[in-house]
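So this first bit is one chain, no partners, the form predicted alone, shown in structure tokens.
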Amino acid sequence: MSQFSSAFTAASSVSLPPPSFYVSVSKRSFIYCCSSPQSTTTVVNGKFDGKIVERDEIRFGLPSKGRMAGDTLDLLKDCQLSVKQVNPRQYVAQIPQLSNVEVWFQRPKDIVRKLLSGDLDLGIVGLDTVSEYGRGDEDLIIVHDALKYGDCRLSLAIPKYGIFENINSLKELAQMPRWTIDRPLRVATGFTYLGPKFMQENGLKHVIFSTADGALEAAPAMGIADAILDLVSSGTTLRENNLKEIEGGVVLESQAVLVASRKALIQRKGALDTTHEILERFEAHLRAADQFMITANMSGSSAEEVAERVLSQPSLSGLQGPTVSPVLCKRDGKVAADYYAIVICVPKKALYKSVQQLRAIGGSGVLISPLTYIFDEETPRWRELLSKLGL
């Protein structure tokens, strides 16, 4: 108890954690961790039982507020899965194209918790939220890990001034002799699972975690923390508060993901088929979002000769090669093919370069169209999901 008392006294300037925190103290470490009790409605002896609650509908959790909520609705709309909400104040909505799906608007952390408790079957949240509140639970399965919005990183940041002025890496921070059991490194964060786990894995032995009200960026300047562990997107807010990220200090790269309950996918009728449809729509749309379709006419003696010219240009190979078809016209009473139509898909970032290369080999009448979907024969993520489920 003497070690506990001395360490607690040394950290008296830090906001005390809520009752759900527990303290782990040894001769070489002092770390707050978070103990997040699960819902008692589906817990047996501290663990969830293997059964799911019987119901006909599949429950899909979506973020209720913020930019993530808007971007999620936009993605679903772009995939022709528009959410119909009769009253914007209601938490329940429908997706007409998926008649067996019931949409529930929830806070991101509650989506993860309710996936674990069996109250939801599918959800869209940030990977950081899944990692923090899911805590590696095997019942959570990432169905799609890159929905291409909500990009951010969970990163450790320290002041640019004072004792940290010349500290630029996690290794240098860990080697500072000032961190002891009586004077641990104080970190303000809302990530009370990922934070301690990251510090332990990276050899920082004397660390204390605390929560702080309001913006975490103010904690070091107020003297209630030495560092912060928080989500960063552009880094502007850190710079404006004289804070800096350090090499090796990124805990997690995050973006929006589609996550599901393993038990629901296996046990709930229709859940796997519905997940398959949602996944295929997402995959096809996201793949198409980075591509344009180019159509052009080109003179030539044969389709093979035209194809050789097209394939001689590095930006004109398309997804699997160009489609070359004759442009038939009638001349002197006969049908002839002096021109060929070229159809290729090119990445958005290479669009103008591709047009230039097409012109250089005789392309004309170039038409460019955005794509809505590109369906593969079978999406690799679907095969990965079946493998994770043992199916």
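All residue numbers refer to positions in the sequence shown, first residue = 1. Worth saying up front: this structure is predicted, and the values here are computed from it rather than measured.
Keep in mind that the form predicted in complex with a small molecule is not shown, yet the notes after this line are about it.
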I'd like to know if residue 365 sits close to the small molecule in the predicted complex, meaning any non-hydrogen atom pair within 4.5 angstroms. no
With the cut-off set at 4.5 Å between non-hydrogen atoms, does residue 121 touch the small molecule in the predicted complex? no
Indicate whether the small molecule has at least one heavy atom within 4.5 Å of a heavy atom of residue 254 in the predicted complex. yes
Please tell me whether any heavy atom belonging to residue 132 falls inside 4.5 Å of a heavy atom of the small molecule, as the geometry stands in the predicted complex. no
Please pick out the stretch from 307-315, 174-182, 145-153, 258-266 that is in contact with the small molecule in the predicted complex, where contact means heavy atoms within 4.5 Å. 145-153
Please pick, from 355, 345, 52, 68, the one residue with any non-hydrogen atom lying within 4.5 angstroms of the small molecule in the predicted complex. 68
Option touching the small molecule, based on a heavy atom within 4.5 Å in the predicted complex, out of 285, 107, 113, 276: 107
